[in-house]
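Given next, in structure tokens, is a single chain: the form predicted alone.
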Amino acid sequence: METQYQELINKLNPKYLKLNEPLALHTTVGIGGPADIWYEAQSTPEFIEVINLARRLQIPVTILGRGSNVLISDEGIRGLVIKNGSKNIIIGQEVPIKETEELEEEMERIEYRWASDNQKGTFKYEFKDLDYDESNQPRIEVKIDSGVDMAFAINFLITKGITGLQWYARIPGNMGGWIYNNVHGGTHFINELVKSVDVLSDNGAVVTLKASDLNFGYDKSRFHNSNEVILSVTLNLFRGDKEKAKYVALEWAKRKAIQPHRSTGSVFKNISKDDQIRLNYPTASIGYIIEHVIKFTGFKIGDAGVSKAHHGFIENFGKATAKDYISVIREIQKAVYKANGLKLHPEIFLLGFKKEEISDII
């Protein structure tokens, strides 16, 4: 394997290459052991070339975006960890109404689970008052490379009078990660805007998939069960109200500012509406359950602990390890199951772990 590693290293641009790079430097939670080989491709064609080369050399490949929504093992990740550093955003032509209607007919409606508890607890922010309908606005195609930082994309497109992404303000990540996990902002899911996705297939070919091929669901897509790599995404956005979209994006960001920064994001999937009704909870939020049902305010193991700002988040309060973080997850799951019989499911991705380390929590 050393020979294959060296062959790959020799063909990479040393300016963007690091060996034994601590992945804690590349995650929002600040946790993660070393990558054998860390590389940031500067364009999508280079991204494709490097992945295909690593695959040919039988070197494991892990794609890492902005480092949110992931927890990486203290042992790190073997093989190549690669980031697509491409920043391409291509604004296309207006979309005919007939084509837009056909896409909307094909789109599967997904039950959102967004609800805050306005009466009790720390999770008080809500967004329904900001919601509005843009369906009567002209649509326009925008192609975004998978590596594009979506905070930048939202602001850039709004300045061009292109709207539709304002509901996702202050959700960290790049375009590829958003599609991979069908990111949701309040009552909206990114799949509502997707026309197609270009992917790198197992055999090294670039293939275009229609939105109807992507098996979108709550926090999931077909990419959870395939070895395809997302290269770029074509969205049907709106020629909407620029000032209104700007206000909504800023207000979203302001209301979400209470969310802790040194975390993976929301750790668990919210419960279903049926479970919420059955248990007579005022919200489907996991944060409510952690705060008021199992009363884990201030719970910590090592430097990993439940955030007091938003109990659905686990923070790194100092030098937390992945082992600490997993232990907190495990204790929350056990306490919730004992309290109401619910099995909580992580919505974060666990990378670099042995199966036996995490089999009981996934």
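Just count from 1 along the sequence shown to find any residue number. Keep in mind the model is a prediction, meaning the values are calculated, not measured.
Another form, the form predicted in complex with a small molecule, is not on view; read the next lines as being about it.
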Any non-hydrogen atom of residue 183 within 4.5 angstroms of the small molecule in the predicted bound form: yes
The small molecule contact in the predicted bound form: residue 68, any heavy atom under 4.5 Å: yes
Contact label in the predicted bound form: residue 228 to the small molecule, heavy atom within 4.5 Å: yes
Contact test in the predicted bound form: residue 63 vs the small molecule, heavy atoms, 4.5 Å: yes
Heavy atom contact within 4.5 Å of the small molecule in the predicted bound form, the stretch among 206 to 214, 158 to 166, 259 to 267, 275 to 283: 259 to 267
The unique member of 177, 76, 287, 85 whose heavy atoms fall within 4.5 Å of the small molecule in the predicted bound form: 177
Single option in 321, 28, 44, 307 placed near the small molecule in the predicted bound form, where near means a heavy atom within 4.5 Å: 28
